[in-house]
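A single chain comes next, written as structure tokens; it is the form predicted alone.
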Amino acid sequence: MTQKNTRREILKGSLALAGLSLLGIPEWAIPALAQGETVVPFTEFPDNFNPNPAVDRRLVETRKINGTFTPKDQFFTTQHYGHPDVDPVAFRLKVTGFVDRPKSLSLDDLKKMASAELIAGFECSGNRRPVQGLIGNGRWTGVSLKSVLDSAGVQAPAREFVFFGADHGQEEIEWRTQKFTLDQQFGRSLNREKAMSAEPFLAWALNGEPLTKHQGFPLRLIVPGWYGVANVKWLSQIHVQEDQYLGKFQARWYRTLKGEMIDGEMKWKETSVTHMNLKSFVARVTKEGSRHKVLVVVLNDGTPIKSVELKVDDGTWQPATADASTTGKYSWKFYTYIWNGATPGEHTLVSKVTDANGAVQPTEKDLETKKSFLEDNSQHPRKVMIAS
């Protein structure tokens, strides 16, 4: 996070290449198609792909990524209770619970604090093959969560920080033999250590413009390096409490069930969806003259990347090259591989990423004991047909 108020107007919407050059990113580094460069279709990609399949859902067309930052009208979105209408004039962010000074903050109040910018990309924990479209990368403007919490004075008993959105709906809650139908707000929580760290961020703008309704206008939480579910949209209240928060989308829906061998016996573990697992996938293959260029997208929790490799068919792993357009610890990252001598016919391409801690992107077989579809970061083989 850095102070960049003077750059607020440099980047707008889809971010013109000239603006990116001002930030030190050369125009050639942006993964837009060059003149004469054509996309080679994936044979396993849906022919009828629709990036906007429903009013409450939007996917990124990864084969058409054309810049470091995802335009506001293309940034992925998915939610559980629709898109609430929030009056920005009447809006107040409430900070309640174990704090010395409960707050009711307007947007203007928040903007008077130390404004900052954060570059962060993330994916939905349900993002997976064949489309991989629940992703996005943006330049967020806002204020650190810690600044807001410090102004409220967090008390010693505080252990859990719950973030409620303005979106809500009727939920049937089952407790043993009883069922209750209740109106519930969307909520997620962070523990004290994470909430009071420097990373979590309250954003009111994306790529230099106010958040859209799809992106949580007027205010949302961004937890860099975590899956999208943690980035609560239409943020309306932060409640600080001592007890663990067990809301539906915290304790039940966003859980991963995976088997693990312990002392020769399979143990089944349920873990909460939090930080992003190390992942890469082939986003696009293009042809220019006799050569092909493979674009690989990497998403992870901010741990430095050691290497990205690509394999064609049953060949050996070959290194891909990092693009200079990657900016920021928590940004998505682009890598390219130049594929020379591609022969006519169908080929399988797969990427693999390794981080600085030695973690390696798993194969589908490595994750065969994972029963839930969330957090699928397995290597994703993609097929292309090379014309004769």
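Residue numbers here begin at 1 and follow the sequence given. Just so we're clear, the structure is a prediction, and the values are computed from it rather than from any experiment.
If you look for the form predicted together with a small molecule, you will not find it shown, but the lines that follow are about it.
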Proximity of A283 to the small molecule in the model of the complex, heavy atoms at 4.5 Å: no
Contact flag, A205 vs the small molecule in the model of the complex, heavy atom cut 4.5 Å: no
is_contact(Q79, the small molecule) in the model of the complex, heavy atom dist at most 4.5 Å: yes
Proximity of D167 to the small molecule in the model of the complex, heavy atoms at 4.5 Å: yes
Heavy atom distance at most 4.5 Å to the small molecule in the model of the complex, all of V229, K233 and Y254: yes
Selected contact from R220, H292, K72, R128, since only one has a non-hydrogen atom within 4.5 angstroms of the small molecule in the model of the complex: R220
Option touching the small molecule, based on a heavy atom within 4.5 Å in the model of the complex, out of K103, K311, R159, H214: H214
Per-stretch contact check against the small molecule in the model of the complex, the hit in 116-124, 93-101, 147-155, 174-182 (non-hydrogen atom, 4.5 angstroms): 116-124
